[in-house]
Every structure is written in structure tokens, then in C-alpha cells.
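Have a look below at one chain only, the form predicted on its own, in C-alpha cells format.
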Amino acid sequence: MYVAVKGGERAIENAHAWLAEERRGDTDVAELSVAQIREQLSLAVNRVMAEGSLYDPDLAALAIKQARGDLIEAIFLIRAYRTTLPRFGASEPVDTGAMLCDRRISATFKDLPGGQVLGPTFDYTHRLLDFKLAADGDVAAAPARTAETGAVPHVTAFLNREGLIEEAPHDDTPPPDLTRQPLEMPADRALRLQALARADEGFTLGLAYSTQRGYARNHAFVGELRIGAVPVEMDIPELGFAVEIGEVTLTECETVNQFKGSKTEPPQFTRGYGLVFGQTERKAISMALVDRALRWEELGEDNVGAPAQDAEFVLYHADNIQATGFLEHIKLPHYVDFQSELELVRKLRREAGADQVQEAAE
């Protein structure tokens, strides 16, 4: 805690009290409940869970309330809380092929087994302010709907039949855990995907957009975007088999990208991949585009110097908590550092002034 000036600790306590008052706002207005945030600001809750690396809608909603809607601050709160939790095991890899899809679309194939499911999306809205919402009116019920039942095949399986797309790599080696071990370079794809999954959405979106504008060779199609619930299973040694311990909602995106081939690989399509907690499709698509851009070396492609191709640049700058900490620390007291630089500048100015006087005398 910074207490570099007299009364600093007291001032900080008062600042916290003022912050709590500002967070509450006008007491004549009903206070937001955690349940209201969880149910009505679900996309914000999903982002906090994804970038906070903790799937718990109630805690994410509480963090948003505490942070006054500052999602990066809420993510910071969730990550800090996550470090206090004990770890008693690891789940089995989730099977997204068994997902009960609320939304499933493809930009590459129109007719799919199981059909395209638009689901709840802003894609076809007119982006006009709905002033009916300001009147707190009831929302008309949507038509009856049913989630997809049974396994729905991934779209890329159709391309796999003809060998037109690279096989999904299979590696049983346990990946490093980025939440417990610091990021080290070079990073393999598993570690890069972990970092991208909890990377800042805006930063990832900007990098993805840059690849589409030509700052990387990354002409992509959304092979499939699917959103839905998947079961989470955990192997219980005493039982000798895995049991379902819950379910999580995920957004998965696979992009289909052009690939001209190399000396060892024939021309075919390649993949970019994104998987994120909750309904977070913009992040999942961005993640898939950046993932593909970062794969240039393993695919034998040229590095054109694009930011999205530089793994160190992407991964070390994508974490909004690390970036926030380093950026915001400069507003805290640096009195000693500044005084030393101030004295140096004064000295240089005095010396420069003396030199000018001497030149004028000569």
C-alpha cells in the first residue's frame, strides 16, 4: 500500500468509502441484485468468466457489481479469487461434438445435418435504440424452441472426407497450466490457445481485424460457430470411471483457411480454433483468426512481419490484467524518481545555458 505522504493511509480509507458510495449511486433507485446482473447482463458475465478463467456466473455477476461495471476490474477480482481456490483434480477434455446447440451456423455449407440454428443473436437486428426497454415493459415470449438433441457433427468433418482440410492434431501430452505457471517463450499451440482464451477481447479483436486487412495471410471462412452446453466429466479413481460433475456453456469456432501447400504438405485448407466460456462469439472468432496467424511457422509459411504473427508480441500484450497493472502503476507515487529526473533536467538546462553565454561572449 502506498502511504508515501502524511495521512496517506487515512486518505486511502476515505477513498474506499467514497468508492462504495459512488458504486451504490442514488439510493432512491433500487439496487441491482447479483441475480439481475447474471440474468440480464449475461454477455458481460460471460466475458468476465472467460477472461477471469473461472466458470461461475454468480461470482462473475458479483464482481461486475463490485467493479461498478468495469469489466477489466471485475476480471481482476475473479482472477484474484481464483488463486485462493484449492485444486483437487482435473476434468476430462470436453466433447464439443456432444454439445446441445442453442446456436450453430456455418458460412461454408448451407445444408447441414442438424440444420443451421440462428439462436439468440444481434446479427439481424437493425441496431436501433429500443425505447420500449426504458419503459420496463414485459418482453413477448419467443416461439417454442428445442435444443439440438444428440451429437451434431462438426462441419469440418465434411471436408475431412475428401482430405481437403488438415487433420486436427492429436497430442496426449498434458499442456502446461498458464494459470499456475508464467508464460514462457517459445509457446506451443496449446499454450497459445490458453493465453488467447483469456486474452482481452478488444485486443484480440483488433489483431483479428488486422489479419483480415492484410497484416497476415489469413483469408478465413467461419467453418462453424456453435454455442451450447457440454457436460463436464471427472475421472474418479475409486470408481474406475468418469462421472458427470456439471455442465458449462461454451462458444466454439473453427475457421477454414486457405493454404497453398509446402514441400511436405499438399494444398489444402487449414484450421483456426477458438473456444471460450459462455456465449462469447466475437471473442471466439477473433481467437480463431489469431490462432491461425500464429501458425505460420509450423505450416511452413512466410512471416510477412504482421503483428498477429509475432507470438511474443501477441501473448505478452493480450493479458488485460497484466497490462492494466503495468499501465496503472504509473499514476501511483513516484516522487523520488521524478525528483531525480527533474534535477537532471535542471542541470542540463543550466549547462546548456552556460554554453550559450560562452558562445555569445566569444
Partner chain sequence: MKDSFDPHAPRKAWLGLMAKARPGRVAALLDAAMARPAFTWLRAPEIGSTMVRGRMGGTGAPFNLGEVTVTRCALTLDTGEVGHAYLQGRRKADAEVTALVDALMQTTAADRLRDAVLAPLEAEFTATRSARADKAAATKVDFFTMVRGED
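Positions refer to the first chain, counted from 1. Every value quoted in this text rests on a predicted model; they were computed, and no experiment measured them.
As for the form predicted in complex with its partner chain, it is not shown, yet the points below apply to it.
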| property | result |
| --- | --- |
| Its partner chain contact in the predicted complex: residue 93, any heavy atom under 4.5 Å | yes |
| 4.5 angstroms heavy atom contact with its partner chain in the predicted complex for residue 130 | no |
| Non-hydrogen atom contact residue 122 with its partner chain in the predicted complex at 4.5 angstroms | no |
| is_contact(residue 114, its partner chain) in the predicted complex, heavy atom dist at most 4.5 Å | yes |
| Heavy atom contact within 4.5 Å of its partner chain in the predicted complex, the stretch among 325 to 333, 23 to 31, 56 to 64, 306 to 314 | 56 to 64 |
| Sole residue of 248, 205, 72, 164 within 4.5 Å of its partner chain in the predicted complex, by heavy atom | 248 |
| Heavy atom within 4.5 Å of its partner chain in the predicted complex - the one residue of 80, 185, 135, 85 that qualifies | 85 |
| Triple contact flag 39, 126 and 257 to its partner chain in the predicted complex, non-hydrogen atom at 4.5 angstroms | no |
| Stretch 179 to 198 - residues with a heavy atom within 4.5 Å of its partner chain in the predicted complex | 179, 189, 190, 193, 194, 197 |
